[in-house]
Every structure is written in structure tokens, then in C-alpha cells.
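We begin with a single chain expressed as C-alpha cells, specifically the form predicted on its own.
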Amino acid sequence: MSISLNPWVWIAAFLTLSMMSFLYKDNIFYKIGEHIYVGSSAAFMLIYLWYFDVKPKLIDGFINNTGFSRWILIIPAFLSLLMLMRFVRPVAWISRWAIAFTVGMGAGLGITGLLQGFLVPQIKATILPLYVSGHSTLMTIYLSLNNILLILGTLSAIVYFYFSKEHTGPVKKISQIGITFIMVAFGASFGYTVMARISLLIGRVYFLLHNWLGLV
């Protein structure tokens, strides 16, 4: 047994145990750890935005660029100042202009990103042949069944969310197949999430036993 003498390890151990203490009940140590975590995260994000966004793109860009590339930066700088007007009560309403611009731009970029990054690739991924040739018999059967299940699951899940027609008859049967695929997907996603959280827990327990207490 060799307990660490590093003060930073002790601080990390204290914060780890403070956060874990919430498993017992809400207490002062958990609140301390929670506030430190939120505060440090906000400070880190502020520094990150300054050194990776504001300084290189706005300040350095205005100094180093020339012509149109320089003066166009006045627009984001002006919108940023409008955003800060939120803290000045008499003119706080002006910040809504910058917020509206940011929300609109984010929505436009989000829709484009989702279409190009998720919807279109998923559509392309489901345009598959029902019979795959050019492989051994077992591999051909496996790949063909895999494609059939993928197409069946996609189409049946889409039918489940089709509410323009009452789910009766064949539509009901197909939607029931769709909900089965959806529940399997949700179960796999939940299992993956639990596995990831358990991995984090194992990492923190190992830190306490190895880096802090030196038991393992």
C-alpha cells in the first residue's frame, strides 16, 4: 500500500468521492463537487472560445486580413456586442436581434448538416440488393439476410410513424414489426450507454485504488 503524496491526486480523489456521495443522498460534498465541475467547465469553455474562435478568427483575422475579408468581420463583432446588451437592462431587447440571427443560422446549418450527414447517407445505406452474389454459400446467405432485415426494419419503422392512415389490417401488421425493430434499437442503445457509464465508473474506481491509495 502506497498512498499518493501528490496534492492534485488528493483533490481529484476528493472530487470523485464527493460526486459519488450522491448515491447516498444529496449532501454538501456533492454540491461542492457539482459547483466546481460546472464552474471549471464554464471557465474552460470561455478560454477555449477565446483562443480558438474569438482571437484567431476575429481579432487576428481583422489584423492580418485586408480588403473585404477584414471589414466583413465587423458584422460578427457587432452581433457579439448586441448579444452582450442582454446584461444591460434598459437595452436588453436589442440582444434579441443577435439571438434571432444565431438561432436562424444554426437552424439552417443544422438542417443542411442533418440532411448531408444523416438522412442522405442512411437512405443510401438502405438501397441494398436483396441477393448478394460473388461469395461463398454461407457468406451469400448471411449478407442477403442482413440486407433483407435492414430494408425490412427501415420500411416497417417508417410505416409505424405513418399516422395519415389508421393502423389496421396490413398496415398494423407492418407497424408491429416496425415497433419490434425500434425496441431492439432502443435496447441496444441503452445497453451501450450503460456499458459506457460502467466503463467510466471502473476508471474512477481504479483511479481511487491505484493512483490514490496504491492498493492495486
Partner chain sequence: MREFLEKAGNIDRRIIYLIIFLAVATTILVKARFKSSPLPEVQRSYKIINDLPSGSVVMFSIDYDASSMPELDPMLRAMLRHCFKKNLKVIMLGHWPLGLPLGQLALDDIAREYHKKYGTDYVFLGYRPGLQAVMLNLGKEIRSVFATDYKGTPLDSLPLMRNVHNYNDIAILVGLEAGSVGDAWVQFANARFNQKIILGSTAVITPDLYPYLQAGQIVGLIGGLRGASDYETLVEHPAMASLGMASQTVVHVLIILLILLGNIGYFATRRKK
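Residue numbers count along the first chain shown, from 1. Owing to the predicted nature of the structure, the values given are computational and were not obtained by experimental measurement. If you superpose the two forms and keep the largest set of C-alpha atoms that fall within 1.5 Å, you have the rigid core.
Omitted from view is the form predicted together with its partner chain, to which the following refers.
- Taking non-hydrogen atoms only, Val216 approaches its partner chain to within 4.5 angstroms in the predicted complex.
- Leu209 belongs to the set of residues with a heavy atom inside 4.5 Å of its partner chain in the predicted complex.
- Taking its partner chain as positioned in the predicted complex, the residues of 188-216 that bring a heavy atom within 4.5 Å of it are, in sequence order, Val194, Met195, Ile198, Ser199, Leu200, Leu201, Ile202, Gly203, Val205, Tyr206, Leu209, Leu215, Val216.
- Superposed on the core, the two forms differ at Ile198: its CA moves 2 Å or more between this form and the one not shown.
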